[in-house]
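Before any questions on how it binds or moves, here is one chain, the form predicted alone, in structure tokens.
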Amino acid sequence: MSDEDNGSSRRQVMGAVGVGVGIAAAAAALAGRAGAQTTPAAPLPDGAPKISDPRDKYPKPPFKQQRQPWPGLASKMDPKPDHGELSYKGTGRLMGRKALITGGDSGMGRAAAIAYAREGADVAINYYPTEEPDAREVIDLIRQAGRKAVAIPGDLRDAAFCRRLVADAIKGLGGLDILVSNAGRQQAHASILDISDEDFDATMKTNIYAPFWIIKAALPHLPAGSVIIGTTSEQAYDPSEDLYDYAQTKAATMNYVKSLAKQLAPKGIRVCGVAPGPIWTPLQISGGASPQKQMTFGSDTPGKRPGQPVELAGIYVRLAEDDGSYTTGNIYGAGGGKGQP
């Protein structure tokens, strides 16, 4: 998530390390800290594709009860989420592209940042200042992939910062053609009566106002062929009773994707969305789920587990790559079998 501290300096970090060397270095650095590890598939005959059983690929509930102050750190979760640090291998699908990702320190934003860099894109990430430890890991991974990395901490609830964010990303990257509006605020409340005006305002500004401000600032600089990707949610289709404010922002995200896609098609700019189901991210342990829901998180899916951020990385890549040129106004789901969209 992004945060603005008036005295905070924004960092730009650039690296030029070989892709192969970078992935090896990332593996060495993260091997002892990686959370969920893939369960090896049963041996297959020579030449057969290597596949894994999705039911057992990642941890299942019950999970340890844990709580962190909002917005939380992925590096302190138990188990740690898998963003593709050790597993995602790129093939040059985004070579030379320039991406800005909000919420790029953890969750789907981090998975997209890692994948984009390993596919050949330069990447700027935005996040809240207290998420600096997670963000540093992502910046290092982008550099190790041999790509340019730009770190821009700040508070997305501030319109002026959102405009500076775009300007700093364009300056640091030398342009912009992929915008991923991913940062989100989620706080669970049993009753609408428990939601203060300040809480409601913070959720709306983070999830709805910020994309509005950022897209407006970025649009004059996006060339034909660019793509805007919004992160919506299963909550847009099947809202939970304790996510009254968050769920309506995700429905609004789904709708702005569809509306903006029609508006920008004549300019050659695509707009798409990703709708995750239950994904294991810091949202869940920093107020986004009740203690009981947190312990059983993902158990209501047919696979009986939550998804990991890396399981959506390929979707973000597919929507951004040039071969996806006929995909606009569409929402791609990863719901673990729950159906929508």
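As the structure is a computational prediction, the values presented were derived from the model and not from experiment. So that there is no doubt, residue numbering starts at 1 and follows the sequence shown.
Although not depicted, the form predicted in complex with a small molecule is the subject of the following passage.
When the small molecule is placed as it is in the predicted bound form, which of 138 to 146, 193 to 201, 220 to 228, 151 to 159 ends up with heavy atoms within 4.5 Å of it?
This holds for exactly one stretch, 151 to 159.
Is Pro211 close enough to touch the small molecule in the predicted bound form, meaning at least one heavy atom pair within 4.5 Å?
Output for Pro211 is no: heavy atoms all beyond 4.5 Å of the small molecule.
Is Tyr256 close to the small molecule in the predicted bound form, meaning a heavy atom pair under 4.5 Å apart or at it?
No.
Can you work out whether Gly277 and the small molecule are in contact in the predicted bound form, taking contact to mean some heavy atom pair no more than 4.5 Å apart?
Contact check for Gly277: yes, within 4.5 Å of the small molecule in the predicted bound form.
Answer for Val310 alone: is it within 4.5 Å of the small molecule in the predicted bound form, judged on heavy atom distances?
No - in the predicted bound form, heavy atoms of Val310 and the small molecule never come within 4.5 Å of each other.
When the small molecule is placed as it is in the predicted bound form, are Gly84, Gly273 and Arg318 each within 4.5 Å of it, taking any non-hydrogen atom of the residue?
Result no, not one residue of the spot touches the small molecule.
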